[in-house]
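Presented as C-alpha coordinates, the chain that follows is alone, the form predicted alone.
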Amino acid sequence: MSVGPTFSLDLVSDVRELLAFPFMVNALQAASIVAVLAAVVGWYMVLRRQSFAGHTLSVMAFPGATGAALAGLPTAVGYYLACGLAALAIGRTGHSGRRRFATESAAIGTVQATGLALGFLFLSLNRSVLGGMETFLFGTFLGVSHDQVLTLLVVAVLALGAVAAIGRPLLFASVDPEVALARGVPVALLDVSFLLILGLAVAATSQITGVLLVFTLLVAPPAAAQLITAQPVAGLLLSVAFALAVAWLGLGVAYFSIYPVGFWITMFAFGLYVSVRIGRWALARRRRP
(Lines give C-alpha, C1' and ligand atoms only; values in the text may rest on other atoms or scores of the structure.)
Protein backbone atom coordinates (compact mmCIF):
# COMPACT_ATOMS: atom_id res chain seq x y z
CA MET A 1 0.00 0.00 0.00
CA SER A 2 1.55 3.29 -1.14
CA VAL A 3 1.63 6.26 1.13
CA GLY A 4 1.40 9.77 -0.29
CA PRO A 5 3.63 12.67 0.74
CA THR A 6 2.95 14.01 4.20
CA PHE A 7 3.38 17.57 5.43
CA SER A 8 5.79 18.09 8.31
CA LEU A 9 6.69 21.02 10.53
CA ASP A 10 10.11 21.19 8.87
CA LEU A 11 9.34 23.65 6.07
CA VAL A 12 12.86 23.49 4.63
CA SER A 13 12.58 19.73 4.27
CA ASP A 14 9.13 20.04 2.72
CA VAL A 15 10.36 22.57 0.16
CA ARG A 16 13.32 20.35 -0.71
CA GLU A 17 10.93 17.46 -1.27
CA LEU A 18 8.83 19.60 -3.59
CA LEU A 19 11.84 20.70 -5.62
CA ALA A 20 13.22 17.16 -5.89
CA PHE A 21 10.74 16.29 -8.63
CA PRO A 22 11.02 17.80 -12.15
CA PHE A 23 7.24 17.89 -12.57
CA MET A 24 6.93 20.03 -9.44
CA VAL A 25 9.67 22.38 -10.64
CA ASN A 26 7.80 22.79 -13.94
CA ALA A 27 4.57 23.34 -12.02
CA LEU A 28 6.11 26.04 -9.83
CA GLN A 29 7.63 27.78 -12.83
CA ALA A 30 4.33 27.70 -14.72
CA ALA A 31 2.43 28.87 -11.64
CA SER A 32 4.82 31.81 -11.21
CA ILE A 33 4.49 32.90 -14.85
CA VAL A 34 0.72 32.58 -14.79
CA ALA A 35 0.46 34.43 -11.48
CA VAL A 36 2.51 37.43 -12.67
CA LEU A 37 0.63 37.65 -15.97
CA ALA A 38 -2.79 37.33 -14.35
CA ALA A 39 -1.93 39.82 -11.59
CA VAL A 40 -0.79 42.59 -13.94
CA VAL A 41 -3.52 42.20 -16.55
CA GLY A 42 -6.10 41.55 -13.84
CA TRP A 43 -5.15 44.78 -12.04
CA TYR A 44 -6.13 46.81 -15.09
CA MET A 45 -9.21 44.62 -15.61
CA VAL A 46 -10.49 45.30 -12.09
CA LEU A 47 -9.65 48.99 -12.37
CA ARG A 48 -11.59 49.22 -15.65
CA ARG A 49 -14.54 47.32 -14.13
CA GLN A 50 -14.30 44.65 -16.81
CA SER A 51 -14.45 41.59 -14.59
CA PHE A 52 -17.54 40.43 -16.50
CA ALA A 53 -15.52 40.64 -19.71
CA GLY A 54 -12.69 38.65 -18.12
CA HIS A 55 -15.13 35.99 -17.00
CA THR A 56 -16.62 35.75 -20.49
CA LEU A 57 -13.18 35.42 -22.08
CA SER A 58 -12.34 32.60 -19.67
CA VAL A 59 -15.61 30.88 -20.61
CA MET A 60 -14.67 31.22 -24.30
CA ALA A 61 -11.80 28.84 -23.69
CA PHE A 62 -14.49 26.15 -23.47
CA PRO A 63 -15.72 26.37 -27.10
CA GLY A 64 -12.16 27.06 -28.19
CA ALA A 65 -10.79 23.85 -26.72
CA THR A 66 -13.73 21.65 -27.70
CA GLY A 67 -13.77 23.12 -31.21
CA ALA A 68 -10.03 22.54 -31.63
CA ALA A 69 -10.41 18.95 -30.43
CA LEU A 70 -13.25 18.39 -32.90
CA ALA A 71 -11.15 19.80 -35.75
CA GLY A 72 -8.09 17.77 -34.76
CA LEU A 73 -6.07 20.88 -33.87
CA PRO A 74 -3.94 21.44 -30.76
CA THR A 75 -6.05 22.61 -27.84
CA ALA A 76 -3.87 25.68 -27.35
CA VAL A 77 -4.78 26.91 -30.83
CA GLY A 78 -8.45 26.78 -29.88
CA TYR A 79 -7.81 28.72 -26.67
CA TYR A 80 -6.04 31.59 -28.42
CA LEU A 81 -8.40 31.79 -31.40
CA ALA A 82 -11.60 31.73 -29.34
CA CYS A 83 -10.37 34.23 -26.74
CA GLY A 84 -8.96 36.54 -29.42
CA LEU A 85 -12.16 36.53 -31.50
CA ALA A 86 -14.28 37.06 -28.38
CA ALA A 87 -12.08 40.00 -27.33
CA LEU A 88 -12.57 41.62 -30.75
CA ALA A 89 -16.32 41.02 -30.62
CA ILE A 90 -16.58 42.62 -27.17
CA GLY A 91 -14.19 45.47 -27.87
CA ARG A 92 -15.70 46.65 -31.14
CA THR A 93 -18.84 48.09 -29.58
CA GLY A 94 -18.39 51.47 -31.23
CA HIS A 95 -18.70 53.62 -28.09
CA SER A 96 -16.34 55.30 -25.67
CA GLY A 97 -16.68 56.81 -22.23
CA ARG A 98 -19.55 55.94 -19.95
CA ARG A 99 -21.76 54.78 -22.84
CA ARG A 100 -19.27 51.98 -23.40
CA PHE A 101 -20.28 50.08 -20.26
CA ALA A 102 -23.94 49.56 -21.22
CA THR A 103 -23.13 48.62 -24.81
CA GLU A 104 -20.22 46.43 -23.78
CA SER A 105 -22.31 44.55 -21.21
CA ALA A 106 -24.84 43.62 -23.89
CA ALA A 107 -22.07 42.45 -26.21
CA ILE A 108 -20.44 40.43 -23.40
CA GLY A 109 -23.68 38.66 -22.55
CA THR A 110 -24.30 37.82 -26.19
CA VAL A 111 -20.77 36.52 -26.72
CA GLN A 112 -20.88 34.42 -23.56
CA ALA A 113 -24.21 32.79 -24.41
CA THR A 114 -23.10 32.06 -27.98
CA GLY A 115 -19.76 30.67 -26.80
CA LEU A 116 -21.36 28.32 -24.29
CA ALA A 117 -23.84 27.09 -26.89
CA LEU A 118 -21.05 26.39 -29.38
CA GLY A 119 -18.97 24.69 -26.72
CA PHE A 120 -21.73 22.25 -25.84
CA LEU A 121 -22.39 21.64 -29.54
CA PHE A 122 -18.73 20.78 -30.16
CA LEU A 123 -18.73 18.62 -27.04
CA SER A 124 -21.78 16.66 -28.20
CA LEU A 125 -20.12 16.05 -31.57
CA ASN A 126 -16.89 14.81 -29.98
CA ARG A 127 -17.61 12.82 -26.82
CA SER A 128 -13.94 11.89 -26.38
CA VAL A 129 -13.33 15.29 -24.78
CA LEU A 130 -15.34 14.18 -21.77
CA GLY A 131 -12.44 11.98 -20.66
CA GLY A 132 -10.42 15.04 -19.66
CA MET A 133 -13.30 17.30 -18.72
CA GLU A 134 -12.29 17.70 -15.07
CA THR A 135 -8.77 18.77 -15.98
CA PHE A 136 -10.14 21.00 -18.71
CA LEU A 137 -12.50 22.81 -16.33
CA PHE A 138 -10.35 22.91 -13.20
CA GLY A 139 -6.84 22.58 -14.61
CA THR A 140 -3.73 20.90 -13.28
CA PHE A 141 -0.27 22.23 -12.62
CA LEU A 142 1.09 18.72 -12.12
CA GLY A 143 1.14 17.73 -15.79
CA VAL A 144 2.96 20.78 -17.12
CA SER A 145 5.88 20.03 -19.42
CA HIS A 146 9.04 22.05 -19.89
CA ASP A 147 7.89 23.06 -23.39
CA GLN A 148 4.63 24.39 -21.96
CA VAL A 149 6.57 26.46 -19.45
CA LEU A 150 8.62 28.01 -22.27
CA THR A 151 5.48 28.72 -24.30
CA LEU A 152 3.84 30.36 -21.29
CA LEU A 153 6.95 32.46 -20.74
CA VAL A 154 6.92 33.72 -24.34
CA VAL A 155 3.21 34.56 -24.17
CA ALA A 156 3.64 36.30 -20.81
CA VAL A 157 6.57 38.40 -22.08
CA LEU A 158 4.55 39.46 -25.14
CA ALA A 159 1.45 40.30 -23.10
CA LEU A 160 3.33 42.15 -20.37
CA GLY A 161 5.35 44.02 -22.99
CA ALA A 162 2.12 45.13 -24.63
CA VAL A 163 0.76 46.29 -21.26
CA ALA A 164 3.96 48.25 -20.61
CA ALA A 165 3.74 49.89 -24.04
CA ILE A 166 0.20 51.20 -23.50
CA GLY A 167 0.26 51.36 -19.71
CA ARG A 168 0.12 55.14 -19.15
CA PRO A 169 -2.60 56.02 -21.68
CA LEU A 170 -4.50 52.89 -20.66
CA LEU A 171 -4.43 54.01 -17.03
CA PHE A 172 -5.67 57.47 -18.02
CA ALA A 173 -8.47 56.02 -20.16
CA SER A 174 -9.41 53.60 -17.39
CA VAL A 175 -9.70 56.25 -14.67
CA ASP A 176 -11.55 58.90 -16.71
CA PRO A 177 -12.35 57.82 -20.29
CA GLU A 178 -14.30 61.00 -21.18
CA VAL A 179 -11.46 63.34 -20.20
CA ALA A 180 -8.95 61.04 -21.91
CA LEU A 181 -11.03 61.15 -25.09
CA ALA A 182 -11.18 64.95 -24.93
CA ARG A 183 -7.38 65.04 -24.57
CA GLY A 184 -6.95 63.04 -27.77
CA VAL A 185 -6.26 59.65 -26.22
CA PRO A 186 -7.44 56.86 -28.58
CA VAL A 187 -9.83 55.35 -26.03
CA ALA A 188 -11.61 53.00 -28.45
CA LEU A 189 -8.32 51.61 -29.74
CA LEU A 190 -7.08 51.13 -26.18
CA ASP A 191 -10.32 49.30 -25.31
CA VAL A 192 -9.80 46.78 -28.09
CA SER A 193 -6.07 46.47 -27.45
CA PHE A 194 -6.56 45.76 -23.76
CA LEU A 195 -9.27 43.18 -24.40
CA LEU A 196 -6.94 41.41 -26.83
CA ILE A 197 -4.22 41.40 -24.17
CA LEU A 198 -6.74 40.14 -21.63
CA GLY A 199 -7.81 37.41 -24.05
CA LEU A 200 -4.17 36.40 -24.54
CA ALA A 201 -3.64 36.25 -20.78
CA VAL A 202 -6.82 34.23 -20.26
CA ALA A 203 -5.93 31.77 -23.02
CA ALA A 204 -2.48 31.20 -21.57
CA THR A 205 -3.68 30.94 -17.99
CA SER A 206 -6.65 28.67 -18.77
CA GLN A 207 -4.35 25.97 -20.09
CA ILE A 208 -2.91 25.59 -16.60
CA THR A 209 -5.64 26.66 -14.21
CA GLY A 210 -8.57 25.40 -16.27
CA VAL A 211 -11.50 27.34 -17.66
CA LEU A 212 -13.26 27.90 -14.34
CA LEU A 213 -10.28 28.83 -12.17
CA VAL A 214 -8.51 31.39 -14.36
CA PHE A 215 -10.91 33.98 -12.97
CA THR A 216 -9.57 33.39 -9.46
CA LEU A 217 -6.08 34.68 -10.23
CA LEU A 218 -7.37 37.45 -12.49
CA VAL A 219 -9.68 39.00 -9.90
CA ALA A 220 -8.91 38.20 -6.26
CA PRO A 221 -5.25 39.34 -5.95
CA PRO A 222 -5.72 42.59 -7.94
CA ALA A 223 -8.98 43.38 -6.12
CA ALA A 224 -7.29 42.86 -2.76
CA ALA A 225 -4.36 45.04 -3.82
CA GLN A 226 -6.66 47.87 -4.90
CA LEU A 227 -8.40 47.76 -1.53
CA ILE A 228 -5.04 48.49 0.09
CA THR A 229 -3.63 51.16 -2.21
CA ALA A 230 -4.76 53.26 -5.17
CA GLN A 231 -1.19 53.94 -6.28
CA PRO A 232 -0.63 52.20 -9.64
CA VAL A 233 2.95 51.01 -9.14
CA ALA A 234 2.41 49.90 -5.55
CA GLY A 235 -0.89 48.28 -6.49
CA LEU A 236 0.64 46.33 -9.36
CA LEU A 237 3.54 45.11 -7.21
CA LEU A 238 1.19 44.12 -4.41
CA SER A 239 -1.11 42.35 -6.87
CA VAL A 240 1.83 40.32 -8.21
CA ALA A 241 2.99 39.47 -4.68
CA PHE A 242 -0.51 38.31 -3.71
CA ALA A 243 -0.92 36.22 -6.86
CA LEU A 244 2.47 34.55 -6.41
CA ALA A 245 1.69 33.77 -2.76
CA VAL A 246 -1.70 32.29 -3.66
CA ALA A 247 -0.29 30.19 -6.51
CA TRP A 248 2.70 28.91 -4.53
CA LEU A 249 0.67 28.13 -1.41
CA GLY A 250 -2.05 26.43 -3.41
CA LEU A 251 0.43 24.30 -5.31
CA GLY A 252 2.48 23.41 -2.25
CA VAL A 253 -0.49 22.47 -0.08
CA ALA A 254 -2.07 20.48 -2.93
CA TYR A 255 1.08 18.36 -3.19
CA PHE A 256 0.65 17.19 0.39
CA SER A 257 -3.16 17.02 0.19
CA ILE A 258 -5.75 14.74 -1.37
CA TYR A 259 -7.63 17.78 -2.69
CA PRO A 260 -6.92 19.34 -6.13
CA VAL A 261 -4.74 22.37 -6.62
CA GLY A 262 -7.62 24.41 -8.02
CA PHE A 263 -9.52 24.11 -4.77
CA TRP A 264 -6.59 25.36 -2.71
CA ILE A 265 -5.77 28.26 -5.04
CA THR A 266 -9.39 29.38 -4.97
CA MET A 267 -9.64 29.08 -1.19
CA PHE A 268 -6.40 30.98 -0.57
CA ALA A 269 -7.44 33.71 -3.03
CA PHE A 270 -10.86 34.00 -1.41
CA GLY A 271 -9.33 34.07 2.07
CA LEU A 272 -6.90 36.78 0.98
CA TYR A 273 -9.66 39.01 -0.38
CA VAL A 274 -11.93 38.53 2.64
CA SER A 275 -9.04 39.18 5.04
CA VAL A 276 -8.14 42.43 3.30
CA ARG A 277 -11.73 43.60 3.32
CA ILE A 278 -12.12 42.79 7.01
CA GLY A 279 -8.83 44.50 7.80
CA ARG A 280 -9.85 47.62 5.90
CA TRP A 281 -13.22 47.69 7.66
CA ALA A 282 -11.59 47.27 11.07
CA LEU A 283 -9.04 50.01 10.34
CA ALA A 284 -11.75 52.42 9.16
CA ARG A 285 -13.84 51.72 12.25
CA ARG A 286 -10.84 52.27 14.52
CA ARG A 287 -10.16 55.66 12.93
CA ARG A 288 -13.69 56.89 13.55
CA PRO A 289 -13.91 59.48 16.38
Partner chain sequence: MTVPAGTAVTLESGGRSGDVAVALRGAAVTLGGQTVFSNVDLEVRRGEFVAVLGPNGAGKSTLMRTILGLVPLSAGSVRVLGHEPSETRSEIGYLPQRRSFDSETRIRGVDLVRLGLEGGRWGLPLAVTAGARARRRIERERVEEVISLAGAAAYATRPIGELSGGEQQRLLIAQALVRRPAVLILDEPLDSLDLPNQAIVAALVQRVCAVQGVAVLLVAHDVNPLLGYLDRVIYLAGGKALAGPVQEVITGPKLSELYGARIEVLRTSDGRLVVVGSPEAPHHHGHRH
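The structure displayed is predicted, hence computed values, not measured ones. Positions refer to the first chain, counted from 1.
Not on display, but discussed next: the form predicted in complex with the partner chain.
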is_contact(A159, the partner chain) in the predicted bound form, heavy atom dist at most 4.5 Å
no
- Item | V185 within 4.5 Å of the partner chain in the predicted bound form, heavy atoms | yes
In the predicted bound form, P260 touching the partner chain (heavy atom, 4.5 Å): no
field: 4.5 Å heavy atom contact, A164 to the partner chain in the predicted bound form
entry: yes
Only one of 28 to 36, 65 to 73, 47 to 55, 242 to 250 sits within 4.5 Å of the partner chain in the predicted bound form by heavy atom distance, namely 47 to 55
query: Any chance all of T151, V155 and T216 sit within 4.5 Å of the partner chain in the predicted bound form, going by non-hydrogen atoms?
result: no
In this chain shown alone, the residue from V179, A117, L125, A106 with a heavy atom within 4.5 Å of the partner chain in the predicted bound form is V179
